[in-house]
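Single chain ahead, written as structure tokens, the form predicted alone.
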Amino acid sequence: MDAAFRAAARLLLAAGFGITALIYAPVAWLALLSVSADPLSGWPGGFTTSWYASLSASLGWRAPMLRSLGIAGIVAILCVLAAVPPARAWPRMRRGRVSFAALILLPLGVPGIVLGLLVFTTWRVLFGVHMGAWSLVLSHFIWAYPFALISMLVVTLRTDPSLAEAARDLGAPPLRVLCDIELPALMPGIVGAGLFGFLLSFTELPRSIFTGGQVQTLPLYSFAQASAHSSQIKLIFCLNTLISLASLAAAAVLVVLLRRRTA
């Protein structure tokens, strides 16, 4: 019996490593192609760093990059501000938890292209809002907010509410309780909500196609260059490699923070 359990554990461990390899293999392959002489062939070879030199000298991607960073930063702030209050109230709720969770998580079941089209038709046709930077912020926020809230709930549901109650019983004012007790305890969730909002917005494409209007973000720029088979397409390999590495580094920071909080 013990041998069967050990064999099952080894099988599950091997499956876990296999799934992890499937996740990270495309990133590694993309990095190899970015230093290949002919990345469009799909096979690495004739390694060179000339594409990275050309990328640093190119100017076309910089404005979309800055625009994406600005939009992602706004979405991150909105996700934090919108996720903290309901996450704090969630542990105190006695009724309606399931309905509230279903309402918040509903956008996750809507395909990105459909959600982008809904935002486009609703805000442009019904309210006369022109598509641009703020419509991008709106669509990205709708997409990222459920993930931000889940990140906050992971922390708030594990936080001992008796600490804040004890501080109030001892006469601490609400602002002091919030700043000295609740915010330090919630900080991993706040960082996680911000990172989810930033990363999901920064790499968002399907919703941006419908809600971007004349505003071009970095994913839209990469998509346009790849679709047109322009001379910049080889630089897209380098650019996406750098973005992937930065995203993985940010995700690693999030994992470390959550691990410290739950240890």
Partner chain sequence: MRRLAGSAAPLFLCLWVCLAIVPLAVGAAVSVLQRRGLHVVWSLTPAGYGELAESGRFGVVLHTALLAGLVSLVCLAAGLPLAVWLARSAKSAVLANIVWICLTAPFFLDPAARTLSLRLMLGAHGVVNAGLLALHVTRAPLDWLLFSDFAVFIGLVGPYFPNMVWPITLSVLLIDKALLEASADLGAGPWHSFRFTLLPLAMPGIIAGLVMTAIPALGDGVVPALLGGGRREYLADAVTSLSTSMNYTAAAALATVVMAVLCGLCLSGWLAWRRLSKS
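Here the structure is a predicted model, which is why all the values come from computation and not from measurement. Positions refer to the first chain, counted from 1. Between two forms, the rigid core is the largest collection of C-alphas that superpose within 1.5 Å.
Although it is not shown, the form predicted in complex with the partner chain is what the next lines describe.
Contact here is defined as any heavy atom lying within 4.5 Å of the partner chain in the predicted complex, and by that definition not a single one of Met65, Met187 and Gln216 is a contact residue. Within this chain, Leu170 is remote from the site of the partner chain in the predicted complex, having no heavy atom within 4.5 Å. In the predicted complex, no heavy atom of Thr49 sits within 4.5 Å of the partner chain. Although the partner is absent from this view, Gly128 stays clear of the partner chain in the predicted complex, with no non-hydrogen atom inside 4.5 angstroms.
In the predicted complex, the partner chain sits within 4.5 Å of a heavy atom belonging to Leu40. This chain is drawn without the partner chain; in the predicted complex, the residue among Gly73, Pro107, Gly132, Pro161 with a heavy atom within 4.5 Å of it is Pro107. Among Ile77, Ala166, Leu183, Leu117, the residue placing a heavy atom within 4.5 Å of the partner chain in the predicted complex is Leu117. Residues Phe5, Arg6, Ala9, Leu12, Leu13, Ala15, Gly16, Phe17, Ile19, Thr20, Leu22, Ile23, Tyr24, Ala25, Pro26, Val27, Trp29, Leu30 are the ones in 3 to 32 with at least one heavy atom within 4.5 Å of the partner chain in the predicted complex, listed in sequence order.
The Cα position of Ser58 differs by less than 2 Å between this form and the one not shown after fitting on the rigid core.
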